[in-house]
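Below you will find one chain, with nothing else, as structure tokens; this is the form predicted alone, and questions on how it binds or moves follow later.
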Amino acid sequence: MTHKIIRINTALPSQPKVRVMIIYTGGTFGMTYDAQGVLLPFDFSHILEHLPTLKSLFLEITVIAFDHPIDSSNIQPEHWVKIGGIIKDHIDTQDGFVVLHGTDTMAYTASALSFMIRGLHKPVVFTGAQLPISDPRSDARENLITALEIASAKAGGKAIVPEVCIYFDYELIRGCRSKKAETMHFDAFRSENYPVLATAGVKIDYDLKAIRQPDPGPFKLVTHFDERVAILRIFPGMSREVVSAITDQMGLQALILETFGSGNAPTSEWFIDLIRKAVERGVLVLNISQCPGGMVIQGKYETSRAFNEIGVISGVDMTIEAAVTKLMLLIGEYGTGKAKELIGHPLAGEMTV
């Protein structure tokens, strides 16, 4: 995956106050219509023509654009590694980063980067758009301008938001707490189980108590993912054949159960037996609620008591996006045994303990 680099000084003829890197991976944001009405990738060398107000931010912007923009439905762990690698290569020369990404899997990528990057002291702000930047009603302009402002914001010489987050439709939310919840309106993302980090109105109002402070230690990038993870969404009427096709999968390392309510599932003997056998084979089984808000409380009802007895691990209030990416990374880095010890502990503020 190659990329091109474009440098823009929005402060000319003055000197820029802050350096921010934009990483364009693809997605609706950076598309523009040609004369025939066909969507083509946007040329970021002309960004000031579309967004002249960028000049008021006095930034030095470096744009790294993938040569072949990726529809976010095609995002894979290899792309997460590439984005992380770009940040690592430029962490010492940039004050912050803005990642332009398609909305469909933005929450997965933001979650993955939250876990991949250790010792982060600078903002990594994901954003995108529901309409292309060339559309008259596009949300791309406000999303990008405010994301850049957040990525460059400092207090006392330090970044105000030194974590991976998503800015969309006037709200800043933690990346590993995010979930796409809307396809037709501009407020595409939600954070049901954690407060928003900032709200953009006449000014940007930061909730400093909600913003995660950096972990001690130097910057480190973790990049080994194990993709042998499956998700089983529980529903009334599911058959033994369907469940066993997933639980008995050769080489399966981890299974996420998307359960009802506070972590409940059928108590059918065959169902519990299949989950028990998977656990006994060494599969890490994690319980995540289908509900966007609230949390798993295993054992609260009889319909989840068996999980405690057979070794299913509660995912508390993690999103499915955080659970998938965290499992892949922990198993890839440490193996399933160590991952079982670590999965219940927060790495980047993704769960309540």
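Note that residue numbering follows the sequence shown and begins at 1. Since we're looking at a predicted model, the values are computed, not measured.
Although it is not shown, the form predicted together with a small molecule is what the next lines describe.
For S314, no non-hydrogen atom is located within 4.5 Å of the small molecule in the predicted complex, even though that partner is not displayed. Heavy atoms of G102 reach within 4.5 Å of the small molecule in the predicted complex, making it an interface residue.
Contact check for T146: every heavy atom lies farther than 4.5 Å from the small molecule in the predicted complex. The small molecule is not drawn, but in the predicted complex it has no heavy atom within 4.5 Å of D207. The stretch among 196 to 204, 155 to 163, 124 to 132, 78 to 86 whose residues place heavy atoms within 4.5 Å of the small molecule in the predicted complex is 124 to 132. In summary, among the residues D248, E192, E280, D71, the only one with a non-hydrogen atom within 4.5 Å of the small molecule in the predicted complex is D71.
A heavy atom within 4.5 Å of the small molecule in the predicted complex is found for exactly one of N287, T319, S304, T28: T28.
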